[in-house]
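Just one chain is shown here, as C-alpha cells, and it is the form predicted on its own.
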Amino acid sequence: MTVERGSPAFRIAVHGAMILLSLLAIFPLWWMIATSLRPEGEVFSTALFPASPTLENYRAALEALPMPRILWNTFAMAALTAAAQAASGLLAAYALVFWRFRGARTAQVLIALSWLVPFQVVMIPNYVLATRLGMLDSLAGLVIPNAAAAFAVLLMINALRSFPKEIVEAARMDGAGSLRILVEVIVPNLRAPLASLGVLAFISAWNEYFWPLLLIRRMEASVVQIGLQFFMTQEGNDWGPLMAAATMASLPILALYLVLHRQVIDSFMRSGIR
C-alpha cells in the first residue's frame, strides 16, 4: 500500500516523525533539568519527574564555583567573539564580492580550505604567541585567536552575492565610499544573515572548551565549560551540582535562540545553508 504525498495519511506520518524526533532532541535537556532538581539520594532514579524537587544542587553549585563570575566571563567572551567574527566576516566578504582584484578567487578558495583545518592544529602556536604577548588568563587571549572565522566569511559571501549590485553601483555614483555603502546600504538589509551568524558564533564560542582549558589557569577567569569540570573527579562525578551548573550554563543559549530563532531560520532559507 502506497501513501500519496499530500494525503492525510502522509501528513500524519510526517508530523508523527517530527514529534518523535522533537521528543528525542528535548529528552536530554529535560533529563538534565530533572536531575538538577533531584535530592542526592534520588539522582540515579529513572523516574521522569523528581519525587521531591529541591534547589539544593543549585545552592551547592553556587557555593562550589563563582558561577555569576564564570557566566559573565563566558558571556563576554562569546559576545565579543561573535561581534568580531561578524565584523571581520562582513568586511572580508564585501572585499571579495564587490572589489575586483587579481587573486580574489584564490583568496576565497584558501579561506574555504582553512575551514577544514581543526583548531587543535593551530592551538599550540596560538598558545605560544599568547604567552609571549602576556595574554594568559585574559579575555583578550580568549577572543583574539577566534576573531576571524572562515565560516563567517563564507556565510557573508553567500549573503552578499544575492545582494543587488545595482544598489551598490548607484551608491558609488552618488559619491559614497566603501565604508559608507557597507554601513548605510548593505548592513541594514543583512540583518537576518548577521543575526544568524551572531547566534551561531555566540553558541560556538560559549561551548568552546579546548582553548580556554589551555589558556586559563585561575577559576576567577574561567568559563563555564571549564567550571563544569570541577564536579568531575577521579572518585566520581557529583551529578546533582553538575547538572545544576550545566542547566545554568544552558539558559543563556536557550534564551538567545528563542529570541532570534526566526532570524536564524530566515537566514538559512535565504542563504541556502542546510
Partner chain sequence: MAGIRIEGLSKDFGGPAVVSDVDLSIASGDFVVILGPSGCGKSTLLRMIAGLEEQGAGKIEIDGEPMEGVPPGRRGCAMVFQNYALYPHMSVAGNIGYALKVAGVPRAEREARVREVAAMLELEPLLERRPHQLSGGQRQRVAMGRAMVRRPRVFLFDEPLSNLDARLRLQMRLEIKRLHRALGATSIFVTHDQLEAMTMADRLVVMEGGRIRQVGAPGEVWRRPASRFVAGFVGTPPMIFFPARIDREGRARAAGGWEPCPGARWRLPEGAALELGVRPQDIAADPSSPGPRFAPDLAEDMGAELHIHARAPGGEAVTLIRRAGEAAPSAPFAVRIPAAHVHAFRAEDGARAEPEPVATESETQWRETRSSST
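This is a predicted model, so every value here is computed, not measured. Numbering follows the first chain given and starts at 1.
Below: the form predicted together with the partner chain, not depicted.
Val109 falls outside the set of residues with a heavy atom inside 4.5 Å of the partner chain in the model of the complex. The partner chain in the model of the complex comes within 4.5 Å of a heavy atom belonging to Ala176. Looking at Ala83, you'd find every heavy atom of it more than 4.5 angstroms from the partner chain in the model of the complex. The partner chain is not shown here, but in the model of the complex it comes within 4.5 Å of a heavy atom of Val185. Ala170 is the sole member of Leu139, Ala104, Leu133, Ala170 with a non-hydrogen atom lying within 4.5 angstroms of the partner chain in the model of the complex.
In the model of the complex, no residue of 195 to 211 lies within 4.5 Å of the partner chain by any heavy atom.
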